[in-house]
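Next up is one chain by itself, shown in structure tokens, the form predicted on its own.
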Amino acid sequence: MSVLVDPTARYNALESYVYDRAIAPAVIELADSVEERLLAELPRGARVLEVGCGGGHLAVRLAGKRDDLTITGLDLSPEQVGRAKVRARAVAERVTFVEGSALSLPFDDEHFDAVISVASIKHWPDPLRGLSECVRVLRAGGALAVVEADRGCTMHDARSFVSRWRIPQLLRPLALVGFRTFVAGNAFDLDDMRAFAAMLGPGQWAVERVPGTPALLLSGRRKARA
């Protein structure tokens, strides 16, 4: 698969399909604790942007948990945007999807109350530029949450994660090698993410490992106005 060789390559139609059906549900579980924290802090009527929304699994789940939210999902893959629109038909009045790049978000400054991204940043050709775009579209005091595979994850956490992929049991040892070598191996470690956080500008930013998962979390809030 081309995206394993070059994480910044655009998903082709087959890769999009495999990810959507077999892997995405497990990926979204990585953000469970992050999601609950974010939902608890969002004001009523908040506008949320998901960058790298894939087939819309997370956006639809957020909409189901908070019926006051307006959610926009953005993805570079037209196939994934199409799947997301189908998946979100029941909540289409509050959840929309657009095709676009994380490096040039097609939204005005300070447009969203929160920006979330799960397992997408490793695919951005310029991660810092993409993060800066996420902060740009956040209102003052708005929340950012970016979850990504941890290059320093333990084999135990990696194996537990891969065990939740919707693939035949016989393929899981190979999938584990692929995840550890090409996915986590091409992602970031704590020092990488901390370096990104240090360059994000005014705000309160922190990086931590997500307990029990092979994932890192960069989170915080854009500086509020005085």
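Each residue number is its position in the shown sequence, starting from 1. Small disclaimer: the values here were computed from a predicted structure and weren't measured.
From this point on, the text means the form predicted in complex with a small molecule, which you will not see here.
*Asks:* Whether T72 contacts the small molecule in the predicted complex should be assessed with a 4.5 Å heavy atom distance threshold; does it?
*Replies:* Looking in the predicted complex, residue contacts with the small molecule do not include T72, since no heavy atom lies within 4.5 Å.
*Asks:* Any of the heavy atoms of W124 lying within 4.5 Å of the small molecule in the predicted complex?
*Replies:* Close contact exists here: in the predicted complex, W124 approaches the small molecule to within 4.5 Å, heavy atoms only.
*Asks:* Does at least one non-hydrogen atom of Y11 fall within 4.5 angstroms of the small molecule in the predicted complex?
*Replies:* Contact with the small molecule, yes.
*Asks:* Report whether the minimum heavy atom distance between L131 and the small molecule in the predicted complex is within 4.5 Å.
*Replies:* Contact with the small molecule, no.
*Asks:* Under a 4.5 angstroms heavy atom criterion, identify the one residue in A143, V118, V95, A149 near the small molecule in the predicted complex.
*Replies:* The residue in contact is V118.
*Asks:* Only one of V135, A88, C153, A102 has a non-hydrogen atom within 4.5 angstroms of the small molecule in the predicted complex; which is it?
*Replies:* Exactly one listed residue reaches within 4.5 Å, namely A102.
*Asks:* The small molecule isn't shown here, but in the predicted complex, which of 195 to 203, 168 to 176, 51 to 59, 64 to 72 has heavy atoms within 4.5 Å of it?
*Replies:* Going through the listed ranges, the match is 51 to 59.
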